[in-house]
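Presented below, as structure tokens, is a lone chain in the form predicted alone.
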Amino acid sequence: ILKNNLGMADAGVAETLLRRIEKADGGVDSLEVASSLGVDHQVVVGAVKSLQALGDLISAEQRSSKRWELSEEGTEIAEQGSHEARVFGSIPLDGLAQSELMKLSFGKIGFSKAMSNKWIRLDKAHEGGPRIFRTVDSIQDQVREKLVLVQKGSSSQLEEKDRNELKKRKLLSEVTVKSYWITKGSSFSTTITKQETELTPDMIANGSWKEKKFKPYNFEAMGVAPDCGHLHPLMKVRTQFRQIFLEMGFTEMPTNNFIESSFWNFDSLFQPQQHPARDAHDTFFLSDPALAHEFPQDYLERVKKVHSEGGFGSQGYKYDWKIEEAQKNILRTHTTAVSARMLYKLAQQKFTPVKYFSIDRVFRNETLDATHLAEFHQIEGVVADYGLTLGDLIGILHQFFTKLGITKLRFKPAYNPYTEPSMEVFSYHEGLQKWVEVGNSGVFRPEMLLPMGLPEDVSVIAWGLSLERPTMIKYGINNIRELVGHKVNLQMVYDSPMCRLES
């Protein structure tokens, strides 16, 4: 029965162990059992654990003791002699050239030790070059003798200074050995009955359960983790940002169109057609369908006019605005294209103050590196109301970032084609101990808002930041390619903790 329970090799050791405990007065030590059986200590430990699992057959108390063990070099010396003794042994009566001795593996160390023991002398003036001679007839290899004592388990016979000397030469090391002191348990027996793991309907029906021994349940054991879906860290942080916007009374914009015309992505934002951001090396252009054809015609004319001639108190860019350039389809480079559509839609009805937000994917023709990808997520907030100022923008940014747990903010003047004034937002990163850029913001220009048809005294403030950077900071990821893209380790998605933004 025991063999069924334990496996053949363990069973033999376990049976022997039980017989030893029965005969022993008091108990037995697992290390001593291992050495007397000639098996590895771990085999005995395995048998102890197996017997413990079968109930209170034995009781085992873990003990730890320190003992001295020979290093690899120490074992070699115990077998072959110390380096200095081997040097002495290799020198014939008529001496040996120093150069010859140094070719031997033990020559260098052995030479200096044998010299300090005064076993040999060096004749530098010898005609054939420096030569080594013996100075004594015979030697006693004490180093080897001491190591052999340790090897036999009699290290206590060595003085402490001898042990320390051998330790300094890396021939000995002190190791902590964990062993078990094994005694009889409350239900000790040398024969073992198999413990049942399940109560079956048959046992209940025939009453045999009364005689059976049942294996105790381990209520400390971990349950099997249920199979379930896992959210990517980006999605977790995104949910938190979304929650913050909703708490602040914002409405989510529909951002399901990754493809946008250059008109809504650039022209409606008063970004000139010759702007470098509109080049192929910054933007992905579509080849099919290459052009968009449906635009609000009267609005398109007003945009054309403000670009080429100016208006609404602005002199414009004074260039020949081309519809062909505005028609080109692209993968949107920012979610501000959606904000432009929403503000135009707002202008077509009686104005009411609004707060919009979006968190979605944008695309840039970037060179990939540790902090840049060709596609990433942009978070954007937009507020439209009468008489909003830069003070309102700074106030709402403080409120927004405080909810993220970021309280130390700085603002720096910046330039954007479609906002004036514009500010970059910096926060103090406690980990890096420096200020890092966390977003961009500004007040939309009248050249963008007035052609849409919004009232003149309405201001629109907006700010944006990426979703990836806060996620990387939050989850301690240094390379964006470990977070997004085809090289992502999916285990990271399973293991990533919940995201909590401490405000």
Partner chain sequence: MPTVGVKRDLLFKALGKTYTDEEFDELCFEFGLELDEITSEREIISREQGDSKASGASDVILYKIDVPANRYDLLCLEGLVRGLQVFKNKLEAPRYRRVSPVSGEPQKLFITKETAAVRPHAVAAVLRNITFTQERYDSFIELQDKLHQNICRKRSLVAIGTHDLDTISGPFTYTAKPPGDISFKPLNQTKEYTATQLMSLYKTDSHLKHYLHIIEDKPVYPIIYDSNGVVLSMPPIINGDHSKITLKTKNVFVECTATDLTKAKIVLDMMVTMFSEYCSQPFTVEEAEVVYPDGKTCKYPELAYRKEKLSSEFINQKVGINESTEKIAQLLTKMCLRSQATGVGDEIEVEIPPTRSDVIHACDIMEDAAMAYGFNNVPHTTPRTYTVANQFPLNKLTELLRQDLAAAGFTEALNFALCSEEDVADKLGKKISETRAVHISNPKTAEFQVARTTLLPGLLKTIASNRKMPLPLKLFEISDVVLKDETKDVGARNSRRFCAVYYNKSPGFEVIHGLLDRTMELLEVKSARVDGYHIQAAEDSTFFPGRCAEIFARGKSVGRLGVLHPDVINRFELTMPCSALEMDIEPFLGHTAETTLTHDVPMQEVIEHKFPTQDESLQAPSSRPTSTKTAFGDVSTAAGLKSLNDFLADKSYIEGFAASQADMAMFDAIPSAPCSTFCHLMRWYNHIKSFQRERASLPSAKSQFVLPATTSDASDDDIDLFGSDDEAESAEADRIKEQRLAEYAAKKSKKPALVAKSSILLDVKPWDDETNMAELEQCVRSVSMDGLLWGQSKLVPVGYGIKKLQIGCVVEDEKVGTDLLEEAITAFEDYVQSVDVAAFNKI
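Numbering follows the first chain given and starts at 1. The structure displayed is predicted, hence computed values, not measured ones.
Same protein, other form: the form predicted together with its partner chain, not shown, and the subject of what follows.
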Problem - its partner chain in the predicted bound form: contacted by all of L246, E294 and D392, heavy atom 4.5 Å - result: yes
Handout entry: Partner-facing stretch of 174-182, 196-204, 263-271, 99-107, counted where any non-hydrogen atom is within 4.5 angstroms of its partner chain in the predicted bound form
Key = 263-271
Problem - Contact residue in the predicted bound form, chosen from Y428, F188, W209, F258 - any heavy atom within 4.5 Å of its partner chain - result: F258
Problem - in the predicted bound form, the one of Q349, N164, S116, N218 near its partner chain [non-hydrogen atom within 4.5 angstroms] - result: Q349
Problem - Proximity of I91 to its partner chain in the predicted bound form, heavy atoms at 4.5 Å - result: no
Practice task
Verify the contact flag for G223: yes if a non-hydrogen atom of it lies within 4.5 Å of a non-hydrogen atom of its partner chain in the predicted bound form, no if not.
Solution key: no
Exercise for the section: With heavy atoms only and a cut-off of 4.5 Å, decide whether A414 touches its partner chain in the predicted bound form. Expected result: yes
Exercise for the section: Could you confirm whether N479 comes within 4.5 Å of its partner chain in the predicted bound form, counting heavy atoms only? Expected result: no
Exercise for the section: Within 4.5 Å of its partner chain in the predicted bound form, which residues of 209-247 have a heavy atom? Give them in sequence order, or say none. Expected result: C228, G229, H230, L231, H232, L234, M235, K236, R238, T239, R242, L246
